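Heads up, the chain below is alone and in the form predicted on its own; it's given as structure tokens.
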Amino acid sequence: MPHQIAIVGVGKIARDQHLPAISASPDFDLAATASRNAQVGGVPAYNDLASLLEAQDHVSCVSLCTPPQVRYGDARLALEAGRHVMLEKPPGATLSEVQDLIDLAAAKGLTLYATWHSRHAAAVAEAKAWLADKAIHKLDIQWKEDVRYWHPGQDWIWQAGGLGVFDPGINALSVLTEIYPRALHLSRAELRFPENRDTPVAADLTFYDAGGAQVTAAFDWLHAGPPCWDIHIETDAGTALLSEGGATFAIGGNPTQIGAEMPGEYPSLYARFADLIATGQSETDLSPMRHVADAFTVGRRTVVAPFEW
């Protein structure tokens, strides 16, 4: 029988991605929602997770789509109530609070899944396999988009804990940490903060690779025109480009054939969640979030013009 799952936070990402993925999944049925301002037609709705858990005993899983600043309390509540938990990216506002959830899930014997949807893009696995035996000389990430298009009016992303440009940038870091064949750490960062906001609108990052490769990233949230979600790679065996957020891969300018049609990032996430529950496992890689935390630690702060919607 499908797992009975509840969505917490019926906002843009839930409507655009989570609800369609659950609707198409053979593993989950949407049993209820908890949200202060929105509902899903035909599904029991509650203003908060505590009320939902009290009324819906048959809900076995909770998918948290709320902003990261408020996610920890609901995640802990769900785990304490014996429910499996799936976390939107980033998994929380701080590394320490997510570690607490990891420890609690392990103690309770429950599944905790910290998702990174961009790792499930169609060409990421192919890029990872290609890089595995290459000597990397240079890798440069260009991750640029228009915040007004992708996050219209969402002030939480500009508040402390909302990550600012690292909200999309962490997607790039999730791909980097998936495909790169060895460990990296951040050595330098420049973060540009609008003078009226708590989080950066742009960032330039430099990583240290013990193998000597030059690894850099540029994130920009005021990019005009189509988004740029590209990773340029130079190796001893030639160049490659992982583009469109990981959807396409080209070697030496020649697009590769990815193979069988992929299910999509969010359907793949829910299939993975079902597998983790079935096998009694958790998946909580925090390496993308660790790079973001390091950027705020070592980054040089520059104040730029105010941002207004």
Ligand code: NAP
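Remember, predicted model here, so these are calculated numbers, not experimental data. One-based numbering along the sequence shown.
There is another form of this protein, the form predicted in complex with this ligand, and it is not shown here; the text below is about that form.
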Practice item. Pick the stretch from 67-75, 181-189, 106-114, 201-209 whose residues have a heavy atom within 4.5 Å of this ligand in the predicted bound form. Key: 67-75
Study note, to complete from the structure: Of Thr279, Gln257, Asn254, Asn37, the only residue with a heavy atom within 4.5 Å of this ligand in the predicted bound form is Asn37
**Study point:** is_contact(Gly169, this ligand) in the predicted bound form, heavy atom dist at most 4.5 Å
**Key:** no
Exercise for review: Would you please decide whether Ile13 lies within 4.5 angstroms of this ligand in the predicted bound form, comparing each non-hydrogen atom pair?
Suggested key: yes
Exercise for review: Check whether Gln154 has any heavy atom within 4.5 Å of a heavy atom of this ligand in the predicted bound form, and answer yes or no.
Suggested key: yes
Review point. If you check in the predicted bound form, is Pro288 within 4.5 Å of this ligand, heavy atoms only?
Key: no
Study note, to complete from the structure: In sequence order, the residues of 84-109 that place a heavy atom within 4.5 Å of this ligand in the predicted bound form are Glu88, Lys89, Pro90
